[in-house]
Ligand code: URA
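We begin with a single chain expressed as structure tokens, specifically the form predicted alone.
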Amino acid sequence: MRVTSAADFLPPELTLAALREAVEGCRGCPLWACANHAVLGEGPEDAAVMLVGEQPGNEEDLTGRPFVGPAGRLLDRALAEVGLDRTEVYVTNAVKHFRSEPRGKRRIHKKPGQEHIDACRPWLDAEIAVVRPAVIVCLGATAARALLGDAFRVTRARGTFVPSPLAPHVLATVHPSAVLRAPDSAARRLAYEQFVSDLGRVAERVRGLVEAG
């Protein structure tokens, strides 16, 4: 039987430890063949906030950890600025293997296709089921499309909480790599300020949930 998704590779017991061990053996789509690691999410099993990006980058693929490259460092800085501790949130990606294309000695990021997003969805669903976050933040269009559907557009609804069966509070913003890709320092500064503003709404919502008990 041809494998078409990660569902055949999920462990019988859903815990983060079991998922992390099982994901390395995933052959649910062809991306595993050119990757060093399958990168599951990272963070507490009872995290109130889950941030979902697109896919691992080069540094993530080499280390097996999510958001440790330039985009991850920018995310850490933005989280700290709004009062969210990276160690207290759960960070993951819609796709668990790095999709790349060779360019000389370098591997260049290549956007995952819908078939990769669909094939990998069981891992993301399992992470959500285990963590049960109160707030999910979609970082970028790929994560938003994976979780909120093809009709959702980050450009139209970023920074706004939208209804979803996945969590009580769901919001989409840009991926931190989009901030890094801004064409000049002024554009990067503005993009970063807008990104921090979006995360600030998340922090405010979390604080409200804590105060409400």
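As the structure is a computational prediction, the values presented were derived from the model and not from experiment. Sequential numbering from 1, following the sequence displayed.
One more form of this protein, predicted together with the named molecule, exists but is not displayed; see below.
*Asks:* So which stretch, 63-71, 157-165, 41-49, 184-192, is the one near the named molecule in the predicted bound form (non-hydrogen atoms, 4.5 Å)?
*Replies:* Result of the contact check: 63-71.
*Asks:* Mark Thr173 yes when one of its heavy atoms lies within 4.5 Å of a heavy atom of the named molecule in the predicted bound form, and no otherwise.
*Replies:* Contact with the named molecule, no.
*Asks:* If you apply a 4.5 angstroms heavy atom cut-off, which residues in 50-68 are near the named molecule in the predicted bound form?
*Replies:* Going through 50-68 in order - heavy atoms within 4.5 Å of the named molecule in the predicted bound form - the hits are Gly53, Glu54, Gln55, Pro56, Gly57, Glu60, Pro66, Phe67.
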